[in-house]
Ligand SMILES: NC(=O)c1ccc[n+]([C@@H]2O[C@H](COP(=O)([O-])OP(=O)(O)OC[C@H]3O[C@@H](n4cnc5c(N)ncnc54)[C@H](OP(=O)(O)O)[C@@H]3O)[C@@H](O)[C@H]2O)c1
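Take a look at this single chain in structure tokens; it is the form predicted alone.
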């Protein structure tokens, strides 16, 4: 497979887009940012920016000459996913990295999230069909698990309120889950593009570490030098409250159920790869991290 050098990215200003863009530039790729014509987002100096409407025709024009495209527009951009994929194939793009920075193909999520999963699957299946018909076009999905350093800062409801030095430990606090840092997500994208043959037409699995709530709390207390105010919570209570809120049209149901499926005791649901050897982390150059290092990043912000 030909070397990939010119890379377009959708969603470059987002939580994942910023570290991915930085990783691509640092790795020496020629990066172009594509964004909506009406977007007010700002981007780093020195990176070409194409502002366009998200129609197949306009996107095809924007993607001409690119070797690869990375889509990281998040859930709001899912309706545009197929148009981006069609445009990439029409423009002669060799690799499309799907808008699937999630838990991977084997994840047994709660049924309330089935609509989101179906939306992602629609794009993936569409890309697979195009790749089958046109062998010059390929795709990759990247399963990352929990984006841990960002999530710990952004969502205190995940159980850790950093400014207040307080925590809510759900159930026994021992449920293991896998996670990838923002740095690791950027490394994964770079790795996919540097190993195009090995990553073609499949979903790769990456992880920076495997951890549980109790280990995170211990690391926070060690790093801050004091005991945190700890309360206890129940994932069963979260399941009940989340489903009640969903029925009432309260949008906060999402966070209740996200946290419940992350920490639900004894389920083993939130594991992208049980060991590093079962993942593609070494293939892609995703560094193994420690819980102390991750907590340090979260505290630094």
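Values in this document were obtained by computation on a predicted structure and should not be read as measured data. Positions refer to the first chain, counted from 1.
The discussion below concerns the form predicted together with the named molecule, not included here.
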Can you tell me if residue 147 lies within 4.5 angstroms of the named molecule in the model of the complex, counting non-hydrogen atoms only? yes
Contact label in the model of the complex: residue 73 to the named molecule, heavy atom within 4.5 Å: yes
May I ask you to check whether residue 181 falls inside a 4.5 Å heavy atom distance of the named molecule in the model of the complex? no
Whether residue 139 contacts the named molecule in the model of the complex should be assessed with a 4.5 Å heavy atom distance threshold; does it? no
The one residue among 36, 244, 64, 58 placing a heavy atom within 4.5 Å of the named molecule in the model of the complex is 36
Answer yes or no: in the model of the complex, does the named molecule come within 4.5 Å of a heavy atom in every one of 11, 16 and 41? yes
Within 4.5 Å of the named molecule in the model of the complex, counting heavy atoms only, one of 191 to 199, 216 to 224, 92 to 100, 166 to 174 shows up; tell me which. 92 to 100
Partner contacts in the model of the complex for 77 to 94 (non-hydrogen atom within 4.5 angstroms of the named molecule): 77, 80
